[in-house]
Structure formats: structure tokens, C-alpha cells
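The chain below stands alone, shown as C-alpha cells; this is the form predicted alone.
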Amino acid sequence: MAKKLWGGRFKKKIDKDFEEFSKSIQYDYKLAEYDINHSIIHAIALKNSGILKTGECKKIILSLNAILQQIGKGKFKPNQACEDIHTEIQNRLEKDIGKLALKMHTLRSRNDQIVFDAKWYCLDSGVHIAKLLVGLSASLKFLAKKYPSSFMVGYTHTQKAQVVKLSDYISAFSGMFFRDSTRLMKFIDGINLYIGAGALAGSSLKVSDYDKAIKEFFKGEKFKNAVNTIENSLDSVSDRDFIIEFLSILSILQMHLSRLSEDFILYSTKEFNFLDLPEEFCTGSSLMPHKKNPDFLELVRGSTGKVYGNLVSILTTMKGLPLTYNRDMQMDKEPLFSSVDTIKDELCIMVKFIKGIKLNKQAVKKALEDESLYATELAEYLVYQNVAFKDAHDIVGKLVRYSEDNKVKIKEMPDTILKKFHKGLNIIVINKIMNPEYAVKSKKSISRRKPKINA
């Protein structure tokens, strides 16, 4: 049985089943790096207060840095018998430097450690995801540049609506991810790493002790996210708003990834056949030899329920908790790690996936032959001929209906028929208006400035 950071007042041994049930080491080991950073800052603060001698502080920090090196090399393997990552680090320290390690937890609480660790994890993960969004933006830009003069069918209600530029269609997704990036950067800038809250009531260490420790830890570099002063220690140890906010941002990002996936799935079907998806990210059928299934996109779409559920899970956990820390809060880690890992994996693969997409120009060209796509432009033409829009709307609507009922294309109607709907209509006007180039160029309100995502 691994050593614990508590137990002096207990006579009976902890129930084995309960001990196994209550452990978090199997997932909170991911916070090892951040917990060690907290320990180093705390050790320096203890030195500043005189509780630790300078030599003792150096010995502790050397040992902690050795563990950090193991983490960096991927050699850190936590003892699964430990209760949590804080206990694991403490036990490793004691094994390395002996009883001196027992001073490490002086005037300190895991309640303070865990919120510090989780915030730093969110900060690092946010920066990582922001960089992946830059890569995603570059992939979308690559796809748009691959087909600079191509058009696309625009839909509303999943029904053909109007012609759009392919680059504008792709840019719509860029806009979604730009907003995600903006929300993410605002979140990163707003995180404050507090230290010194103790269990809930604060610490007898002076603010100046922590202040000097933070400056020494960061070697004079400005670190606006590291704030030593805790305005309210009770709020600090009981706060999980930052996780909820982070998962909210990730949920919106996941929703955008799911929408993109749904579009690409739909447009790669034989019924549409607009897009050819890269084979490296598709799978076949164990029964049907002809199948090319968009499994990656379906898994992204399917993961949305998990990411949403992670957010709702923490919201539900926190909704009725009294101040301050409660063990329920241990349940925030797995949903947090799950969403972060899911988003990272999806973005990493999506960057490669998008670059491999091919546009089936012939299928798109055929779809653009649908004359109903140009009905709005035709109505707008009549408006500029001094026809009230309601009247123009009715005229073109009747023209389209006549075309459908009589199974004759508008472009094939003689002028005598066209003029029955309006005197300003003739085959020259129809041919001018009913083509993709005219439809797109007639829209003057779009600046087409591409959103830029910067990490």
C-alpha cells in the first residue's frame, strides 16, 4: 500500500474496495508536470519564509527537476497503488531525498494544488489547440486555392438555393474556426494561476514569500497568468468555472467540426458526388466490396455527443456543491482530459484530411445546370427594371413552375413565351443571368476578406 498524505487520526485501515474506487492516479497523472511546478514554487516560498534552508530547497528542487526530466523523456510511470498524483510526487521525493521531503507539504493543501494544476493544464492545452487551429485554417486555405475559380451549390433547408463560390463556401468554415480561436485566446489570456489558498482559508506564508517565489521560478520573465495574490481563497479552491468555460469553447469547436464533417459526408455520397474524400482516412466494408466509407468524419460527428456530455457532466457535478472543496470535484478530470484529447486528435487528423479532398468539377457543373438556382438573380434583374420585388418574385415563381409543369428549360423557351411572364424577359437576358459567373458577380455586399487565425 502506497504512503498517503493523511491518516494520523484514523485507527482502521481504509477499505480496499473504497480505496480503489476513490483513486484518481489512473487519470490525474497527466497533471504531474504542473504539480511539480507548483511544488517548486511552494518550496521557494518556504525558503523565503525561513521554513526551508537554502540548501534544503535546492535539494528538493533538484529532485523535482529529475522527475520532470523523466516526464519529458516519456519515462514517467506512476505507481497505480498511489491515491493521486500529488501523493505520487511526494512519495517519489521522499524515496529520493529521505525525510527532507516531509517538509514539502508544509502549509500546503491538495485543494490548492489541484486547482493550480488543472488551470495550467487548461492553459497549455488551450495554446496547443490554438496552434492546431492555425494548421486547420491553413488546410482550408490550401483547399480553396486548389480550386480558385470553382463554384458550389449553396443550400438552405437542404434544398438547392443559390450559386456560391467554392472559396466562399470553404471560408464559411474558416469563419467558424476563427471565432473558436478568438474565444480560445480570450480564455487563455484570462486564466490566473493562484497559489497559497491552503485547504480553503489561505496560508500563514506571506504574500511576499509567494511573490518572490513566482518571480524566481519564472526567472524574471513576465508571466501574466501567474498571479500570487488570492483575493478569496474559498473561491479559489472551489472554482471550476475555468474548466466549464474551456469545455464550453471546446464544445462549440466540436460542433463546428461536426458540421464540417456532415457537409463533407453528404457531398461525398453518390447522390451528390461533389467531393472525393482521401482514401487514407476512409474504410471499406467487411461484406460489400465496393464501399468507401467516410469513417473519420463519422467518428468526428459521433464524438460530439461525448464532448457535449463532458461539459454537461461537470455542470451537473458543480450545480449543488456547497463551499468550498468537495471530493465530487475529482470528477472534473476525466471529462476535461477526454474532451481535450478528442479535440487534439480530431484537429491533427483533419488538417491532413482536408488537404486530400478533391472536387468533382463535372458533378458540380452538372448540378449548376439546375435553372432554379438562378431564380433569385432573375427576380433581382426585374427589380432593376422597376418591377416591385413582390411582383418580380411572383413572375419568376410562375416561370419556374411553367418550366417544371411543361418539362421545358427556361433557356429553351422562345421569346414569345418568356414575354408572357414579363416584357423585359428574352433569351439574351436569360442566358446572361442564368450562369454561375453572373450569379456570383452580381453579389456586391461580400468583401471576401479571409479570416486569419493566429496562435
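Throughout, we count residues from 1 along the sequence that is shown. Just so it is clear, the structure is predicted and the values come from calculations on it, not from any experiment.
The discussion below concerns the form predicted together with a small molecule, not included here.
If you check the small molecule in the model of the complex, you find a heavy atom from every one of Arg110, Tyr325 and Lys333 within 4.5 Å. Stretch 24-32 is the answer when you ask which of 418-426, 400-408, 45-53, 24-32 has residues with heavy atoms within 4.5 Å of the small molecule in the model of the complex. The small molecule is not shown here, but in the model of the complex it comes within 4.5 Å of a heavy atom of Met329. In the model of the complex, Leu250 stays away from the small molecule, with no heavy atom inside 4.5 Å.
Interface membership of Ile114, defined by any non-hydrogen atom within 4.5 Å of the small molecule in the model of the complex, is confirmed.
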